[in-house]
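Just one chain is shown here, as structure tokens, and it is the form predicted alone.
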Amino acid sequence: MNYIYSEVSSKKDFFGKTDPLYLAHAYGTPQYVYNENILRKRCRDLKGLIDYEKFVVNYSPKANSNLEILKIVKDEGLRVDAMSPGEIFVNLMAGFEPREIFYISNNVSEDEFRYAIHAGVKVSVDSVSQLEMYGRLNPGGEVAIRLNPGGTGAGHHKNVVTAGKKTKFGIEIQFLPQVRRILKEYQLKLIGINQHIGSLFMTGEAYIESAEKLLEVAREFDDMEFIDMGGGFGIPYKKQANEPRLDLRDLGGRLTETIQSWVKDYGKAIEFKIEPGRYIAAECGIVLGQVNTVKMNYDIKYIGTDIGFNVLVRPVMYNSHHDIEIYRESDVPSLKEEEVRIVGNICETGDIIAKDRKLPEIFEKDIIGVLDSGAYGFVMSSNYNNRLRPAEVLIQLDGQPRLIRRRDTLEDLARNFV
């Protein structure tokens, strides 16, 4: 095999004892490939973030909810969040105990609350009206609330900013008197508060600021069990351009000081949580796809692949950047670099993976790798155009590949018709 352009994956020994061409032949393309070593390292990065005895990392499976990924995360000693009954269900399948699951609800039905209550998981509510609904369904129960202390959120795109004055999430501080009334009326015990400012921040300033605002509000509540400061930790998507990493040592040191100072004033060493998803899962994943077409259209060179936005929607939804690698079965070299537009096979003009990217010459039948696709990849995939969702493969600690989700079949498309 000829690794035409693969410095990032080669440096990480991403494919272990196999290679992209074998994987493409064995499991088909497109295909998600995950590296267990990288996944475990990212879990350990965050477990060591804060020097505080009661510090907990809750993995957010909305980033990647594959059952085997969840089992590895549990094995590394992390707990887990849930955003839906489906995530609660799969978390339980992965072996998490109900007490290890934190269900963070948003605009949910009574039936969804009943499912969470019956499952015995910790529950957070997102509005005054939802707190009242929860109180009616579970009087005398325990509950957490998601706050929006104001200020500014953070994120790589406006659609992933989850705090501040222009987002649907959290309870505004001015409504805390209503919260207190409902807690008293239904004899609910407030066990925690949580927030989330957004996704993919690469400096810690906004996160520290939001944590400090949250802790100011937290002083008003006695006898809480935990505070959840949220996630959003970013990863460098432009590795081929040497984009720097988020400085976890600096961020962790500043958070440690903030937490220890607050705990001293509060008079009780309660639990502090974070809820990362992307940081843990993104870098362990690469999407493999085959180049089926190379063509010119009005001075633009298109590289047509089988990775449509039904497989990876982030570039279309958020204009997100993913580095591209190239792998080739033949020994034919790429003799030049050229600007190309890498596109998928969906019947939409916007089906673009990488726009006007300068890369080594690409040929039909090449395999391309879309890096850092382990988070918000397969979980956001679909059967649009009746395309089949891809297989997922794990490169295990011993370097060997293992199928952890089979590729869709045509029969799967018709499975739920009645």
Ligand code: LLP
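Values in this document were obtained by computation on a predicted structure and should not be read as measured data. When you see a residue number, it is the position in the sequence shown, counting from 1.
There is another form of this protein, the form predicted together with the named molecule, and it is not shown here; the text below is about that form.
Contact check for E283: every heavy atom lies farther than 4.5 Å from the named molecule in the predicted bound form. Proximity of V73 to the named molecule in the predicted bound form falls outside the 4.5 Å heavy atom cutoff. For the chain shown alone, Y318 is a contact residue for the named molecule in the predicted bound form, at least one non-hydrogen atom being within 4.5 angstroms. Put simply, S60 is close to the named molecule in the predicted bound form: some heavy atom of it is within 4.5 Å. The chain is drawn here without the named molecule; in the predicted bound form, the stretch among 93 to 101, 172 to 180, 294 to 302, 269 to 277 whose residues come within 4.5 Å of it by any heavy atom is 269 to 277.
M380 is the sole member of A26, L67, M380, L388 with a non-hydrogen atom lying within 4.5 angstroms of the named molecule in the predicted bound form. L200 is the sole member of L188, I259, A206, L200 with a non-hydrogen atom within 4.5 Å of the named molecule in the predicted bound form. Residues from 345 to 377 that approach the named molecule in the predicted bound form with a non-hydrogen atom within 4.5 Å are limited to Y376.
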